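The chain below stands alone and is given in C-alpha cells; this is the form predicted alone.
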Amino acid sequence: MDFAWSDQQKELLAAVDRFVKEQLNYDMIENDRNAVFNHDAWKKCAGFGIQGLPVSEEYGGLGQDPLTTVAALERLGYGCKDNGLLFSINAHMWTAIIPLIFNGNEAQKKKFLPGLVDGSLIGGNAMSEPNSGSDAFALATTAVKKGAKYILNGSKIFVTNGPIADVLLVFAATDKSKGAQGISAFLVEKEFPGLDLSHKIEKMGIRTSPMGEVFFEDCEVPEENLLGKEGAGSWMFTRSMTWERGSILAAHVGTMQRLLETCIRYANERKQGGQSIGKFQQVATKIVEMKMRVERSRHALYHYGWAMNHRKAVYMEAALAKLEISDSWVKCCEDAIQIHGGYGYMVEYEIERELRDSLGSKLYSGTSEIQRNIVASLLGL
C-alpha cells in the first residue's frame, strides 16, 4: 500500500487546510449551547466541494476516489471544531448521495445530485425505528403501492438532518412476508403530503447536527421516487452502511491530531513544581498513548480507503476503521481532559465538548459491539 500523495492530491489537501482556516472558525461554545446548525458553514463547505468529493464532475462533484476523499475529510476535522456540522455532512454524503450514485436512474441523479452537491439540498437517511435498534431490518414502516404512488405509514427515529432535510432516503417494507428481502427504498421530499419532519430530538453531544423523529401518515410518494427495485432496500442499505462505517469518522482522525497537538502545547506550557507537566512520566505517557491512537486510526482509515480503491468488498476494513477510530477518539478526549485537569472540565477550554461529541461515535452507524460482531463473523466465528 502506497499512501504517498500525488501532486494533485497534495494540492487538494492543502486547499482544504486553507479553506477551513479561513472559513470555518466561529463560536462553537454558543452554537453548541443553543444547538445551532450553521447553514452558512454548510453552504461554504458545499461551495468548496466537500459534499461533492465522491460525486462525478458530471453532476457537479469533484470526482475523488475514496482514499482521497477520507484524507480530505481528515483535514476538514483537523481545522473545524464543529463536530455537528461534520456529522451532518457525513450523513448527507454516505446515506443520501452514495445510494443515489450507485442505485439511482439517470432522471433521479439529474434531479437530486446537483443540489445535494452544491448545498441547496440537505439529505439524510430514515432507517432506524423505535423498536428496531441494531436489528435494522425489523421495520414496521410500510409502503403500499396504489396506482402510480406508494403510500407510506410508520415512523423513524434518530434521523440525522431530519428537521432540516429536503430529501430523505426512507426504507419501508413493501412485502413483510419476505423479511429483509421485502424492504424497499424511497426518495421522500419534504413537501410530500403526509410527511412530518417537525419533531426534533435534543442530544448529549454533536448538538449542532439536527436530529429528529419522522412520521408518515398516508404519505404519498410517486413511483418514480422508488430508488432501485422493490425489495432491494436491504442490499442498498448494507452497501451505503459500509461506506458510512469506513468514512464517517475520517474527520475525527484530524480531530484527534488537533487534540494531541493541543495537549503537547499545554504540557509544555503548564508548570508544576518548577517544571513543565510534560516532564512528569504519567502525563508524557498519556500523550504518547494519544499519538499511538492517532497513528493506528489513520492507518485503519487509509487502509480502508485504499481497499475501496482496489476492490468492492471492504466489510472487514470498514468495521475495523469504525471500531478503532471511535474507541480511540473517546480515549483521546478522556486523556486530554485529564492532562488539562480542572481546566479540561471547563466549557471555555472546549475539550469537554469533544468528549461529549465523541461518545456517540460508539453508537451510530452500528455500535462498537456490532462492529465486533461483523469482524468476528468475517473471521469465521
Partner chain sequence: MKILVTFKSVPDPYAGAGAAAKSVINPFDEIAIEEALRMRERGEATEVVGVTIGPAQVDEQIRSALAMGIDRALRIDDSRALDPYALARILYSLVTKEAPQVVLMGKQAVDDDSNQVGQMLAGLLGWPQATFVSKIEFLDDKKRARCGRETDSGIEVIAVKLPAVITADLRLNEPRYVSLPGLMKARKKPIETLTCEQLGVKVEPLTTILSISSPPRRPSGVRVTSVEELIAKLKEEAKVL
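Values in this document were obtained by computation on a predicted structure and should not be read as measured data. Residue numbers count along the first chain shown, from 1.
Separately, the form predicted in complex with its partner chain exists; it is not shown, and the next lines address it.
Q: Okay, which stretch from 352 to 360, 40 to 48, 25 to 33, 326 to 334 lines its partner chain in the predicted complex, with non-hydrogen atoms inside 4.5 Å?
A: Among the listed stretches, the partner-contacting one is 40 to 48.
Q: Can you check whether F19 is within 4.5 Å of its partner chain in the predicted complex, heavy atom basis?
A: Within the cut-off, so yes.
Q: Might L12 be said to contact its partner chain in the predicted complex, defining contact as any heavy atom within 4.5 Å?
A: Output for L12 is yes: heavy atoms within 4.5 Å of its partner chain.
Q: Since only the chain is shown here, I'm wondering whether Q8 would be in contact with its partner chain in the predicted complex (any heavy atom pair within 4.5 Å).
A: Judged by the heavy-atom cut-off of 4.5 Å, Q8 is in contact with its partner chain in the predicted complex.
Q: Taking the shortest heavy atom distance, is L53 within 4.5 Å of its partner chain in the predicted complex?
A: Although its partner chain is absent here, L53 would touch it in the predicted complex, with heavy atoms inside 4.5 Å.
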